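Just one chain is shown here, as structure tokens, and it is the form predicted on its own.
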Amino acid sequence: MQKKTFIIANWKMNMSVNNANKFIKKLDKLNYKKKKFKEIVICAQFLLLPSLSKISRKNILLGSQDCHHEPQGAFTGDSSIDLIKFFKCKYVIVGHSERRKYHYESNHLIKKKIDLISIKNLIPILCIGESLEERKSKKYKEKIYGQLNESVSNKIKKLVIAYEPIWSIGTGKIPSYDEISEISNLIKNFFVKFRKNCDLSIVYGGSVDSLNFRKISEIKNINGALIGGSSLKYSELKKIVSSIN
């Protein structure tokens, strides 16, 4: 059976309302083959979601780039999971390295977010990955194991893990295919051993483009990619989408 392939675009803090609407409409018109084996998700910044949710889409799902760990409350500047769901998001990214770095998010906090997302019947996309220093010092497995163990509870039923080595994001450098395979096997084995009841998918993120996407997706335990810069270019994303038959 053909494995499911995720194409998850993380637009970060980019795109105007007008450009985002045009992009989505154009992408949705592509002639997809075997759609049941593809999950195309656009994760846009919060203020784009109301407009994007109104667009009629046959092939594209929406996702949020984050959410607060509480359903509501006095949290100025944050966004609630209920509003994210109201605007037709199916997925929510949590634990991205930029959130960990600039907002000091811990595994403990990320776990709370994942639990809430799951309770609301949305699907978390958990980002994990090591720094260049941790990779060079051979501590990367310990780092990733710790992120998984501290962020994912036994009660999570469905989850996407995005392996994004911090040193690869936006740099043009990617791990070797063997290194990606090694981490995907580590993740898979962790869930088989400790989180048996979770429906798990694993994607890779970090300097993904139309030249490397397909080969990365063909790695045994990899189900596609979380794509940053290349997802902002229609020509690139079109090639990526079209590369999966």
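Quick note: we count residues from 1 along the sequence shown, nothing fancier. Source: prediction; values computed, not measured.
Not pictured, yet referred to below: the form predicted in complex with a small molecule.
The partner is absent here; in the predicted bound form, the one residue of 98, 134, 115, 105 having a heavy atom within 4.5 Å of the small molecule is 98. Residues within 4.5 angstroms of the small molecule in the predicted bound form, judged by any non-hydrogen atom, belong to 200 to 208 and to none of the other stretches in 55 to 63, 200 to 208, 184 to 192, 22 to 30.
Within 4.5 Å of any heavy atom of the small molecule in the predicted bound form lies no heavy atom of residue 71.
Although the partner is absent here, residue 169 lies within 4.5 Å of the small molecule in the predicted bound form, judged by heavy atoms.
In the predicted bound form, the small molecule sits beyond 4.5 Å of every heavy atom of residue 130.
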